[in-house]
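Shown below, as structure tokens, is a lone chain in the form predicted on its own; questions about how it binds or moves come after it.
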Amino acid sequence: MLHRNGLVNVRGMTQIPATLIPGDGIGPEIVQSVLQILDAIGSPFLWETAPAGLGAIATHGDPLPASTLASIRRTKLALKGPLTTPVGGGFKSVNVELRREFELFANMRPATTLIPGGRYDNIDITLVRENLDGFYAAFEHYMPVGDDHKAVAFSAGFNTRAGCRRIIRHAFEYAVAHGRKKVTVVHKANILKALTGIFLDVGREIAPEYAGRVAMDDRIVDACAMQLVLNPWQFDVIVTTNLFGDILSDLIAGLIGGLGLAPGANIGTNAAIFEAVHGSAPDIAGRGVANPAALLLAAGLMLDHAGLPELGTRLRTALREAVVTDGVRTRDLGGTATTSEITAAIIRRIG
């Protein structure tokens, strides 16, 4: 039975329709791990499995089939394994196309220390990345010179005032909702005076609305990168443009141990897609050694988004206890555990 709020009643249990994209490379392995862990807490999701990426070309002739888009339109919620975009052949990035198709304007990338005692400890930074504009709009072309048809490469980016307002307000609202104290606007307004100057201007326009609740400061992107290495604890929430956000979020992931611990949430007005930030890692696919932590943390964000933060907290707590207290770690975290072993350890902690 489908209720007006999109929930489904199955045998007396309310479930939330959601699209599941297994992905490529290690995707199906870590997705299976996450599904097992979600089942252990009593998964609220009613999954529609949908193809995308390299594998979808073989079955549908398209890395982003119409049936997958239709599923996300129905459910408005998706968990996505890592995808491989084919090189050549005119195929665009599936991740970028999903963001554009569903206007997923905010890419949320929280980074929190899982394993204590490292070079950087007690990290807790959320990067809010504008997802649709900037240089990643990819208005690119070549200009021929003589016999060289690709002698000069051009790329044009854009930021709209409306888009800047939307993402910066989202960052401030996130800060208020999560008890954060400061939002740092990152830009390159000293050089890209129009393209990122508009971003800084909007930040200064919006910040007074949150005076007394959330402070605002700003950083030039290169200075921000340096300061993230020297003193990351000065940062709380960072909001920035598409290209800068892509770069800085990987840097921040390095502070907590790498992309294997980095979840991502792509949020739009009418849909949300959750994912691990890392790639499909085809070199270790099928070997049973992949770390499911990033995708599991993304599933935790998905539970938070669905209004079930207590279940998200249970996932994060079980992961921390398995990795830190029990010492069950995959190779990327300095251990020897397989995917199935860390999955079992997390499930034991859920009890």
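Each residue number is its position in the shown sequence, starting from 1. This structure is a prediction, so every number in the text was calculated from the model and none was measured.
Beyond what is shown, the protein has a form predicted together with a small molecule; the following relates to that form.
Worksheet item: Contact between residue 323 and the small molecule in the model of the complex at 4.5 Å, heavy atoms?
Response: Residue 323 lies outside the contact set for the small molecule.
Discussion item. Just checking whether residue 254 would be counted as a contact of the small molecule in the model of the complex - the rule being heavy atoms within 4.5 angstroms.
Written reply: Judged by the heavy-atom cut-off of 4.5 Å, residue 254 is well away from the small molecule in the model of the complex.
Discussion item. Against the small molecule in the model of the complex, would residue 284 count as a contact residue? Criterion: heavy atoms within 4.5 Å.
Written reply: Residue 284: contacts the small molecule in the model of the complex.
Discussion item. I'd like to check something about residue 263: if you look in the model of the complex, is any of its heavy atoms closer than or equal to 4.5 Å to a heavy atom of the small molecule?
Written reply: So residue 263 does not count as contacting the small molecule.
Item to complete: Pick the stretch from 286-294, 59-67, 32-40, 311-319 whose residues have a heavy atom within 4.5 Å of the small molecule in the model of the complex.
Response: In short, 286-294.
Worksheet item: So which of 185, 164, 83, 127 reaches within 4.5 angstroms of the small molecule in the model of the complex, heavy atom to heavy atom?
Response: Of the listed residues, the single hit is 83.
Item to complete: Would you mind picking the one in 75, 242, 113, 280 that has a heavy atom within 4.5 Å of the small molecule in the model of the complex?
Response: Here the answer is residue option 280.
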